[in-house]
Structure formats: C-alpha cells, structure tokens
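Next up is one chain by itself, shown in structure tokens, the form predicted alone.
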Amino acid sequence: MSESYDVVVVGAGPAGSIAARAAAREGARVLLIEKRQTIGDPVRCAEGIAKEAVHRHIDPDPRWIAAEVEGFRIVSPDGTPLEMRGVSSGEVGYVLERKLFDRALASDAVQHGVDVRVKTRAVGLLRSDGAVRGVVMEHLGERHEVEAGVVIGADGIESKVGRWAGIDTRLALKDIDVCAQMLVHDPSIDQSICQFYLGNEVAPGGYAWIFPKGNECANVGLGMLGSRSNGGLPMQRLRRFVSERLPKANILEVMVGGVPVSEPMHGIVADGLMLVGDAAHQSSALTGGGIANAMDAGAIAGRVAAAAIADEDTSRERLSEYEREWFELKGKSLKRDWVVKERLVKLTDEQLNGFMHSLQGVEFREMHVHEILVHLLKRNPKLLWWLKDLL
C-alpha cells in the first residue's frame, strides 16, 4: 500500500530541512528522507557561515557553534597576509558543528510537524502524464512508494532526483571544486580567525583554509578545480600544506567531497519537482560557501511548494515562482561570483601577489568579497579593468 504526502523532501541537509519546515509551516503534510543513518554525518564542508545567515533561519545555539570568529586572514602565494578583524562580516562569523547543526534543523522541522525517516534512499520517481507524483524509496532493502504533490530534491552535488526528472544537473570538471579536509588538533592554531591561502602551488584554481573549531582544533582543507586535479591530488596537496604549516598537528578526521562552482543554474523546477542547495548548484562559485544559500533557497522552495499544493497547481509554471524569487534574491551576486572566479583562476601567482600587495594598509568596513573587489579596483585601476562591470 502506498502512502501520500503533500511534499516529500529528499535529503536532510540544511536545504532539505529548511524546505521541509517551511512547507510544514504553511500547512503542508511533509516527509523528509535521508539516505544516511545519521543526519549531518559525514561532514562535507568547512562549516563556516555568516552570523546573519544563521539568524535568518534559526536561533543560535552554543551546542552547534564550534567557534565564533572575529575576522579572517588571506595569505598570498608569497606569504603576504591581508587581515581583517572586528568589522561586519558578510562571509564568515560562525564555524558550525555540522553534525549537530544539521540535526538541530531536522529536529526543528519535526517540531513543525514534518515526518523524518533516516537510512531511507530515493531510488526513483513516480510519474503521471509526465509530471512527478512521488518517490520510490528503499529502506533496509525494502522498496515502497510515496505519492506527493511536490518532490523537493535536496540530494547534493551528486543529485539523482533532478536527473530522474529530466533536469540536466551535470557539471563540467572546471565547474567543480574537489576538496579534501582534515579535522586537526594543534594548540598553535589561531582560534579567533578563519584563514585562506591562495596560490597555484597550494590549490590550483581554489584555495586552502584553516577554520577554527574550538578546543585547539580546526578544519584544515583544500579545494581545487576538478579540471586541474586527479583522483588523489587534493589529499596529497593537503598533506603537504599541513606538514609545512602545522607540522605538529594531530589528524583526528579526514574527509573528501566536491562543491559546485558553476554559473548559476536555471531550470531548477519541473512539473511536480524542485531542486535546492547543491543539487541546484546554489553555492558561491568564488568562495564555495553554500550553507546560507541552501537555507535561503530551501525557505523559498518550501513556502512555494505549500502554496502550490493549496492552489492544487503543481505545474512547472506554478513552481517557477520559486526560481524567480531565488534569482531575484541571489542571482546577481552568484553571477558576479562566478565571473570573478572564472577570471581569478587564470591569474598567475605573481599577479595574485601584486593584488595582495596593493591592498596593504586598506581600512575595510566589512568582511565581504564585494568590499575587497571595490578596494582592488581603487588600487589597481588599470589591472582590474575587467572587474569594473561587476561593481
């Protein structure tokens, strides 16, 4: 016997849990499924997020805030630092404990009436007259069907839900950052700031990071363009980075993953289906940050899904309200980040050094990519002509 819900959300990361909660708040009956046996594990990102992004969706809880940073430091290929402290941050403020944060979001969704099932994998979609009408799922080797007015795919960069619905979610290697990360213990790590290291010798087309996690620990990671990597290169580069900069660190955990760094993706809805988060390539192509965008998109998608259910119209046209709102909110900034990334990855280390040198002595008002670009243009009016149309 099949079940039915108004909305089924596939994937219980931040995008999925926020989407499920938003739909339930508007009165929809919602099922949230997660293929892993534990929500939030394994962690697959650096866990940094701006404070205001968290505050938009959930009250901060010290149980899932691993560290609260007061600034960040960018280090050029020749070791020149650019440090900002004590100014407003549009990029990083909290370093989360994602294993607890993701569970808190899912628990919050449950408190709003969402049903949650873990170790439950979507293995196909139900379709009728070309429209998505539910999910075929598998739990402990048994398959069953759940009908739904709307299916929201929040199943990450490797999303199958979108492909099953006929949405092309493929990414070229140049549009993926392949990442490796270690949780390390080292008392020498500055716990008050997030650090970023640039350079083609460190991370071609990307950067390395050190994000404090409290208790003398930190996430130390590295992301590089897939088109400049091979299967084991990110981990090899990361081991070298750690041995050179944190030679006394003890490695407590190792993880690998990927982040979409593509142009903003259009066509993220179909009849009866919406995509959110990494499944819809909604992370910043420049920074790779995606938690805040995922939650913002999830909130819109859940609300629109519930309204479409109430209107008894889950057509692509009706659900496109979500895509329009998303691009009104983030389309311009995501496009800017992608254009800047496309240009930055072509710079030599000498050019990166020159730009960093030009920013020495600048008094920043806020920690934000846009602020850095503005000052780069002021200090390099000739060299940065290619950025002027983005500001």
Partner chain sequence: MVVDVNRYVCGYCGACVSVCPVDALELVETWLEVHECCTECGACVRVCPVGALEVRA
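Residue numbers count along the first chain shown, from 1. Predicted, not measured: the structure shown is a model, and the values here were computed from it.
Separately, the form predicted in complex with the partner chain exists; it is not shown, and the next lines address it.
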Indicate whether Gly79 is a 4.5 Å heavy atom neighbour of the partner chain in the predicted complex.
no
Give a yes/no on whether Pro42 approaches the partner chain to within 4.5 Å in the predicted complex, heavy atoms considered.
yes
Considering only heavy atoms, tell me if Arg63 and the partner chain come within 4.5 Å of each other in the predicted complex.
no
Gly231: touches the partner chain in the predicted complex, heavy atom cutoff 4.5 angstroms
yes
Using a 4.5 Å heavy atom cut-off, which residue among Lys51, Lys35, Arg336, Lys330 comes into contact with the partner chain in the predicted complex?
Lys35
The listed residue (Leu286, Val146, Val242, Leu171) that reaches within 4.5 Å of the partner chain in the predicted complex by any heavy atom is Leu171
Counting only heavy atoms and a 4.5 Å cutoff, which of 128-136, 265-273, 155-163, 93-101 contacts the partner chain in the predicted complex?
155-163
